[in-house]
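Below sits a lone chain in structure tokens, taken as the form predicted on its own.
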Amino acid sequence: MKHSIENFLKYRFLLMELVKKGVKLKYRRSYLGIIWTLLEPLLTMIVLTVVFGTLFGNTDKSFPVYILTGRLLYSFFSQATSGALKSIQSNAAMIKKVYVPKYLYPLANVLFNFVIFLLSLIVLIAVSLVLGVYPTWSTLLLIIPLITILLFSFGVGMILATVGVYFRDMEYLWSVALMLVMYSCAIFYYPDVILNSKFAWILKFNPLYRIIECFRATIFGTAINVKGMVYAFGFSVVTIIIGLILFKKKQDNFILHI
């Protein structure tokens, strides 16, 4: 454990450079650059509000904020885990030339996507204020779901990064899995219908939904589902442990498959 911490501290500056590089490459060929980080969730929110709000007769004024909170967290999870999955393959040339702790690559992918995600929260703040969803004391608890989704994304990312080295088709399978995850997180519909049906387990045991649920509670000033949040946090920690063990066990053989 002590050796791992010392090793991490030794390469912390490289990690920072990898994060900076990831942010720059994200918008390297985009004319809008970092502005797209703000425009993309805003445009997506408008489209989803029109489809699932206006066309389905939803008159709730705060519905766009509801959609945006779910969409932002899901987008971060999707991009962070997809990036981590491809991180070892993408950095194959560097891995073959110099020694760098290999876990830095999936970690850097998760972190730079988290930086972009935090920037996109500016849109959420603006939309919330415009639509009359103002901060409350519970907004201070926002840090809880933010830390939890960061941990969860890193844990899943480590697992995917390991599997992706040996099973190249995982990239395509994960894109399909993410679609299923999106529809099971109540991003653009209210969860009441499902929670009152025999399919309630889909939401109850979905850690990402629990994180989104807590995040929304802090934004709207409603009571946080403590049990659901504890479950999501515990699930995230277990996922990280599994991911780290799996990654450490297989990392020495990566060079034979990249």
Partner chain sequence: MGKEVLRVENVSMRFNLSKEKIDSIKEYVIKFIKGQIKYQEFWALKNINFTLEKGDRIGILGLNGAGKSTLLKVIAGVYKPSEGSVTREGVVAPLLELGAGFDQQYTGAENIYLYGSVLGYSKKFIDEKFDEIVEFSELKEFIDVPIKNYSSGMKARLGFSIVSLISPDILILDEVLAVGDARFRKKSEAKVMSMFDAGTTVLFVSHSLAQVKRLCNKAMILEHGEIKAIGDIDEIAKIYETMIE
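Residue numbers count along the first chain shown, from 1. None of these values were measured; they are calculated from a predicted model.
Not pictured, yet referred to below: the form predicted together with the partner chain.
The closest non-hydrogen atom of Tyr11 lies within 4.5 Å of the partner chain in the predicted bound form.
A residue is said to contact a partner when one of its heavy atoms sits within 4.5 Å of a partner heavy atom; Tyr99 meets this definition for the partner chain in the predicted bound form. Although the partner is absent from this view, Tyr166 contacts the partner chain in the predicted bound form, with a non-hydrogen atom inside 4.5 angstroms. A residue is said to contact a partner when one of its heavy atoms sits within 4.5 Å of a partner heavy atom; Ala93 meets this definition for the partner chain in the predicted bound form. For the three marked residues, Glu17, Leu25 and Leu256, a heavy atom of each sits within 4.5 Å of the partner chain in the predicted bound form. Only one of Leu173, Leu140, Ile147, Leu119 comes within 4.5 Å of the partner chain in the predicted bound form through a heavy atom, and that residue is Leu173. Judged by heavy atoms within 4.5 Å of the partner chain in the predicted bound form, the contact stretch among the candidates 67-75, 99-107, 181-189, 128-136 is 99-107.
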